[in-house]
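Next up is one chain by itself, shown in structure tokens, the form predicted alone.
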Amino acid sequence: MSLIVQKFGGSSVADAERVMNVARIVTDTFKQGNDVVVVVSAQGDTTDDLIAKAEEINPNASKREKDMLLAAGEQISISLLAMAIEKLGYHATSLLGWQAGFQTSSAHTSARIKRVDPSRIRAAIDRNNIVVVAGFQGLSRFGDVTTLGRGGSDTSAVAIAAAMHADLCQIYTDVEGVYTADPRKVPEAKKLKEISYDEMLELATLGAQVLNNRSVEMAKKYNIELEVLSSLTKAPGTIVKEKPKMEKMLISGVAKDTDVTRISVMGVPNVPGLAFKMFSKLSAKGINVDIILQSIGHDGLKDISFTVAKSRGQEAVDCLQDYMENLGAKEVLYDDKVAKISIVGAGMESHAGVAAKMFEALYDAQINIQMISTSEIKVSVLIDEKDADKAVKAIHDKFFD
């Protein structure tokens, strides 16, 4: 007998028909002799609808009250799925995050999981129940409901799998696995049978929306084998594990991220310590910086450009403009019409010329590169947002044709 954790996203439980479909998947797994814990997101666009309701009432509402509101979405999903499982003749117990033992930090709307006490889940399993848990939520040490941020249900599922030493954690989505590019944009994209944690983490961080990057980090830390598969078909999915059996591909995928802003600080004095002062100011406000490019000094001055998430772009500009006099900079420029395109693959380590091949693809498509960032298993470039889809297709064709 195996313990299997299954997670279903909002699109998988969007309406009554899909809830019943999920119930059949879950009970089929249970009938095979497995213990099953199911983690569910809010239905369809419920979370976005709740955010809109909050904006309508009070755009400046406290994050605590936002969490109280947003947590309601998963409560609807778990109760409906438990009812569907009962309708099929099986016992089910639905649990909110705090009932399932999720203890989190107090950072409302972006809490971190501190600990999972699965004793109540185990007790329900011992009573021959399928357990349905609300993803995305927990309880702080002050007894307040918290939420984990976008994609938090993936993290909830992996956390349960880690706490209960599950044999497998299945992440059901609306695609059949992890592809070499977004199959909705690149019809020629190929589904991967297996991918390593490191490659999947890079793809998730760089804009691939199949898995939440925090869930991949946790799976790697606790060596939880993940399977990404579709709730709408019975096709085999993609296994995410430490060491895939297959021969390393040159690259595993092409990712696009449009949640990017480029900020350029122009005319900074070319003296030691200025970069430290500038980035420490951003760090103090919790603003993460990604690609960084510093020009060669001229006339005793230099320019420093970097990228941040679009949601933090204006805040970063305001922070730096307040500090302009101390930096001695001439001006701060802001551009949110950019996109980051990345290739990821463990095979890069043993193959020369991968970056050159990517740049050739962009040259052939007449796409200009603004910034470049590299690591052992990825190459990222910053380009105009309007060229993003064309760039992904051109690079994918170059590597996978």
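On a predicted model such as this, the values are computed, not experimentally measured, just so you know. The numbering used is simple: start at 1 and walk along the sequence shown.
The same protein also has a form predicted together with a small molecule, omitted here; what follows describes it.
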Quick check on Ser342: any heavy atom within 4.5 Å of the small molecule in the predicted complex? no
Hey, in the predicted complex, is Lys241 touching the small molecule, heavy atoms inside 4.5 Å? no
Contact between Gly151 and the small molecule in the predicted complex at 4.5 Å, heavy atoms? yes
Would Val37 count as touching the small molecule in the predicted complex under a 4.5 Å heavy atom rule? no
Can you say which of 329-337, 40-48, 372-380, 355-363 gets within 4.5 Å of the small molecule in the predicted complex, counting heavy atoms only? 40-48
